[in-house]
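Heads up, the chain shows up twice below as structure tokens, two forms, tagged structure 1 and structure 2.
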Structure 1
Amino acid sequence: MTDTATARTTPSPGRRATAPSPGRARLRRGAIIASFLLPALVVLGALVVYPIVFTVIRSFYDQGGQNFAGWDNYVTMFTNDTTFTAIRNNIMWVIVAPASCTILGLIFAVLLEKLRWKTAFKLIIFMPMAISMLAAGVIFRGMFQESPNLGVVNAALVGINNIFSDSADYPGARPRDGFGIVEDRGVIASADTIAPGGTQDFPLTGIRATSLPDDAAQAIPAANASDTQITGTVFLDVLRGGGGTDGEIEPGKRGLPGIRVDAVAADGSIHGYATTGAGGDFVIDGLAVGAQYTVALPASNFDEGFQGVSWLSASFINGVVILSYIWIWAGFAMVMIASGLSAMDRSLQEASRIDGANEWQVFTRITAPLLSPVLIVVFVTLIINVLKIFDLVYVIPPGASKPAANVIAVEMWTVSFGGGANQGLGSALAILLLVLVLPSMIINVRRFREDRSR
């Protein structure tokens, strides 16, 4: 800190001599500032800012990067079916996912205030935030498997459906040949017409004895029919262990209960019907004397029945993936909003309650407006996050429905790394993501400036 040093480094020699070596001090100051900021700035410059510039430029070159391609990649992006589906799906994501998470989070946050076990509830809802989207994807793909034996969602749906639909189903049933009954497009019917007073039995095969309902009892021979009745028995024409006489009702052959039997007139209209009892016997009553009827077992008796929904097919896959996203991120919205609520001064709400406002008015007129800054933060964060969604879409859809579930980030990966090797188009897709994030960036910067000026 000698005077000579000062003279050498001070750019403006007219400075007051009393200041202790200002040039050297400034240099020192600069060195200190640099020592704090340079590491971060170098890393951010080299690994974030430089790549952005590079990607912008790269997006105007062709797939190998040698030839300038102008806007070609951007045109391709919006005209190519695959990429366009990805863009469309991303837009749908942005519309559906952040709003769902925020609304759900808001509902949870408001409701859980009344809970004694609110900490436990918060932990349970928030926990998926801690695990990887890969693990979440594996979980949801398993839950929505198509077979109701394996996927819990379809298992639950089939279970509920079975409670409410009482009709018994006998998939695979076939008529025993040579006993006057035929099968046509799933309907099993008498080959000839029957007049009231007659009897038509239905010996069936092709049903596994193990899949009979529990109430299936020994087959009962049909009762004698009156002038207005047609009677008969629907039974499984198979003896356990084999043997017996085909078409005969014998001890050991069981009736098929719960089967609907129609009496169909010549014009195709149904004049009467009955449902078989435990022994497979039925009596169709109230038929016209002297008319002729075909006795038919409608196809609904032999349906597979409801076997669940193909959740992972192209039609539903986006819903399933978005649902998995909501499972993860609703907790984030809830925690943010709940902390906003707990930080809130409640005197306004109390005052308005005393003034006679009901809870709904208190919520919509006071609580919600006071919460709006938090809601905006949550919403913007989720939009930024949803735009670059990758892992869930990469993991959950099986091969066949991958194209239907495609999003920009997955398409970007596919064309530039996952076999596509078109880094021009990949760069353009990355820039599209950046452009889509711009409004959120502006909101962030604005919020920051408002905070500072306050």
Structure 2
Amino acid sequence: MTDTATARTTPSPGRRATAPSPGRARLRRGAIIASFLLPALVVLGALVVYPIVFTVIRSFYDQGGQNFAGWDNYVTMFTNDTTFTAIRNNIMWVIVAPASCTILGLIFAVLLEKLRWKTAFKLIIFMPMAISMLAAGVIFRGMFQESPNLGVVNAALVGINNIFSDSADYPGARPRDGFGIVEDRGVIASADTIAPGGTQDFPLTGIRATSLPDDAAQAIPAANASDTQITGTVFLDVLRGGGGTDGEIEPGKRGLPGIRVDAVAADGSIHGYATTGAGGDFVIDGLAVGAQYTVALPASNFDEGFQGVSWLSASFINGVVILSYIWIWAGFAMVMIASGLSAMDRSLQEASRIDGANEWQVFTRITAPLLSPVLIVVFVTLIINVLKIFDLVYVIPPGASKPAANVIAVEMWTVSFGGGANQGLGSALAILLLVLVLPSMIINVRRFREDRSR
């Protein structure tokens, strides 16, 4: 039986073993390739191709998806003010954010070459990439709160302003009742007119002793006034621990320095003014003999003063959101550019230095041109990213500023799921976003192919 099987498998003399045909070999090779590609193609079709085709078709139907609307959704999209705002903001994002991140990343990558503690520096710059967009948005919204008691940025600005500003602000101050002083719309003034040679004190309350300026000293009684002067003292009529006599200047009661005091004539014009000293005393000089004046403390003495900038308002909100994006993605650009810098041929830089080039010339004529492929990839990648920006724009702006910070992705979500319930218009916006992103994606793919072919 073994001999019979051997005879069947051994070709007879004069006959050659037949090889499979080329067509069958190609078919077998194609089947093997398809078996490997099919799972990926199924996933790609289900997650990419089908949603794109469905969105294109859906964009030609009305809000409920029942009636064919033609190009109505696209017409509505380009005649809607909110869409124009979103497109304008996206253009601003594309111009500012990718360029800023790429430039900062290049600067940071070059600085890494000069620093001894480069690992710590790289960790600090790259750390925001480990934070989610949502968390970064919450951080920046808190940092730029308008109240200096909540927002660290305005707290720093108010602190700097207080260092260089000579004005004194005593918010909440009010006059002590029963001492001939009235308050009207923030202005504290004498109830009766005062002639030159007289004195008008202002015992005030409503101010915390701990909130007084550092130069506030013991209140000083007013000096005797001449025929052309009105004098007085502005002081905090409060003693720590209580006690004392109301309206009297006593040990422990501190003057209020830096307050402006005006001598106001009957017609409302100001004929003289003075600023209180460390002890709260003032002297208004140069007044007409025999005239009558109302001694007033302007309301500007008692307002809140400089309280920072309204960063989250419509005027500044785009800058804040873009700044948060740069804070996050500059680390990504730094790492990418640093990797390209590490693979660079350093002999060209050394040769240029030997030839007498300074560091700026080495950077602009050697380093930057050699890094141009990496810079282009980083720049185009960031363009694709900012065109799809959503999280930061949705989280950081408060309700009143959201329209001013609107972008296409947020507008698409709003009209589709955020209350608009218009899937047709949302699909049209999604197609617009796809059309805007495609050129950058094609550029990146071509760049990758060029780099691979080298």
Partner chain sequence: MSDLTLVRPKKTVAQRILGVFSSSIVNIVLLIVAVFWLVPTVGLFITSLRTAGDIAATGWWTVFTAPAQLTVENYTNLLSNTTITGSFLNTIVIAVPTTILVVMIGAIAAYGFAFLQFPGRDWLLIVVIILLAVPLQVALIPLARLFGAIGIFGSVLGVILFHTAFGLPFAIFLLRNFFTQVPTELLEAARIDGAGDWRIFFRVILPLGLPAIASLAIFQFLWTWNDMLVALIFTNSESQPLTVAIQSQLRQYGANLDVLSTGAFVSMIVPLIVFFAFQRYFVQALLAGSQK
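Each residue is numbered by where it sits in the sequence of structure 1, with counting from 1. Given the structure is predicted, the values throughout are model-derived calculations rather than measurements. Heads up, when I say rigid core I mean the largest set of C-alphas that superpose within 1.5 Å between the two forms.
- Legend: structure 1 corresponds to the form predicted in complex with its partner chain, while structure 2 does not.
- Taking the rigid core as fixed, one finds a CA shift for residue 248 of 2 Å or more between structures 1 and 2.
- In the core-superposed comparison between structures 1 and 2, residue 151 has its Cα shifted by less than 2 Å.
- Residue 184 is among the residues whose C-alpha shifts by 2 Å or more between structures 1 and 2 once the rigid core is aligned.
- Taking the core as the reference frame, the CA atom of residue 220 shifts 3.2 angstrom between structures 1 and 2.
- Lined up on the core, residue 31 has its CA atom moved by 4.5 Å between structures 1 and 2.
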